[in-house]
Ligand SMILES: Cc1cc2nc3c(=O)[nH]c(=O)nc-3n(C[C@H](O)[C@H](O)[C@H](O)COP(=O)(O)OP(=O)(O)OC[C@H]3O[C@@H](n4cnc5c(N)ncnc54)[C@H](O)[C@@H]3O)c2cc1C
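Quick setup: one chain, the form predicted on its own, written in structure tokens, and binding and motion questions come after.
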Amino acid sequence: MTLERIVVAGGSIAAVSAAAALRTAGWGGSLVLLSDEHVAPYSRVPLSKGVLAGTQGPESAVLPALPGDVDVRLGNAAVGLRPAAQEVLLADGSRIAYDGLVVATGARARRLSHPQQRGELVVRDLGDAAAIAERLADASSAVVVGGGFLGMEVASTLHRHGIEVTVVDMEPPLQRLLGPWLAGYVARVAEESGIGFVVSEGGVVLEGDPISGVRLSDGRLIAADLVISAVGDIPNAEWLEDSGLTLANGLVVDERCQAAPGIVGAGDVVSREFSPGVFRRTPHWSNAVVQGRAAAATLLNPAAPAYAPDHYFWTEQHGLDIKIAGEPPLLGEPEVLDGDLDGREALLRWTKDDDTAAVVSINYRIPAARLRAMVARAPAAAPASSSR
């Protein structure tokens, strides 16, 4: 199949990574990137930190520009797909033909409010972060619903801004992501800094219109000036429902990121079958970059090497800069390779069957590449130097 035009649907980091990889590989055909947003593609990493706090402007999140010969079309989302005709239908009623298609339409924030309620805040795009930043000056209290990475980062940012913060979840924070030991350590540090935690096993109901608090499963009400939901995301795959492609927790792709001949997918919108009938997404920034590049390689060569998930991610919260190489959850207690946990600077190792399962740095000066290398070999040893 001759690839004369490739369309990248989405403005996500996965979309940008795929488009850049196509040009880096030397492919010189017509390349069109479609984004539903009206601003240039950006990274979501700063949104829960500097942009949310108002200390960084939106420009701090903008990604490096794609080559000038990439046709970036903003404010015109993909709303349908006709694979037989090789056409993407657009929100403005037009359509665009393709020879190869990258689906990278990302995900949107999951919400808890009902359609008639106003005032639920989320952190998914630049507008969300800016809306919260505008309200910080008049707020003294906040409830963050959701104790995952995003919820805990938002709680940390708000607390540093002088706001009293309570994190509410159905289980202790970060448990499923990090495992009991590391999650407990992070939660203790957060509590010592002044963050409050409440477990509501039956979930919560958002109260008021506009929303002014959350009702716990035991009937208690926690009132707050700001109520921010950080309860996961929903893959933007509805536009593919009539396409004939397989959808299950997103667009299903194979080990080479292929959904169908000439169609690949990457980023938060795609899922893979990890076991029969179980489809999972891997919504991490570094994984989206790797997956975008792999998807581009498959379009150019269907026999390209299989995509290998990048099990590296990081979070910054409550004075902790945590970098993790390995696949969570992390079970049991770690070995301290270097540093001091009481001093909040340490390099930790988890093992499984005498092999290194994960390596975690907490405020420890070590490059990401070295963390990855320590997991790739076993048993791991402490590095000779802690410089970046």
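The first residue of the shown sequence is 1; numbering continues from there. Since this is a predicted model, take the numbers as computed values, not measurements.
The following text describes the form predicted in complex with the named molecule, which does not appear among the structures shown.
Chemist: Of the options Ala259, Leu178, Leu226, Val123, which one has a non-hydrogen atom that comes within 4.5 Å of the named molecule in the predicted complex?
Modeler: It is Val123 that has a heavy atom within 4.5 Å of the partner.
Chemist: Exactly one residue in Met170, Leu112, Ala107, Leu216 has a non-hydrogen atom within 4.5 Å of the named molecule in the predicted complex; which is it?
Modeler: Here the answer is residue option Ala107.
Chemist: Taking a heavy atom within 4.5 Å as contact, would all three of Ala14, Glu153 and Trp314 count as contacting the named molecule in the predicted complex?
Modeler: Answer is yes for this spot.
Chemist: Can you check 335-343, 34-42, 355-363, 54-62 and let me know which stretch has heavy atoms within 4.5 Å of the named molecule in the predicted complex?
Modeler: Contact-bearing stretch, as computed: 34-42.
Chemist: Could you confirm whether Ser271 comes within 4.5 Å of the named molecule in the predicted complex, counting heavy atoms only?
Modeler: No, Ser271 is distant from the partner.
Chemist: Though only this chain appears here, would Ile211 touch the named molecule in the predicted complex if you measure heavy atom gaps against 4.5 Å?
Modeler: Taking the distances in the predicted complex, the answer for Ile211 is no, it never comes within 4.5 Å of the named molecule.
Chemist: Any chance Asn76 has a heavy atom within 4.5 Å of the named molecule in the predicted complex?
Modeler: Output for Asn76 is yes: heavy atoms within 4.5 Å of the named molecule.
Chemist: Using a 4.5 angstroms cut-off on non-hydrogen atoms, would Ala295 count as touching the named molecule in the predicted complex?
Modeler: Although the named molecule is absent here, Ala295 would stay clear of it in the predicted complex, with no heavy atoms inside 4.5 Å.
Chemist: Does anything in 257-278 come within 4.5 Å of the named molecule in the predicted complex by heavy atoms, and if so which residues, in order?
Modeler: Heavy-atom contacts to the named molecule in the predicted complex: Ala266, Gly267, Asp268.
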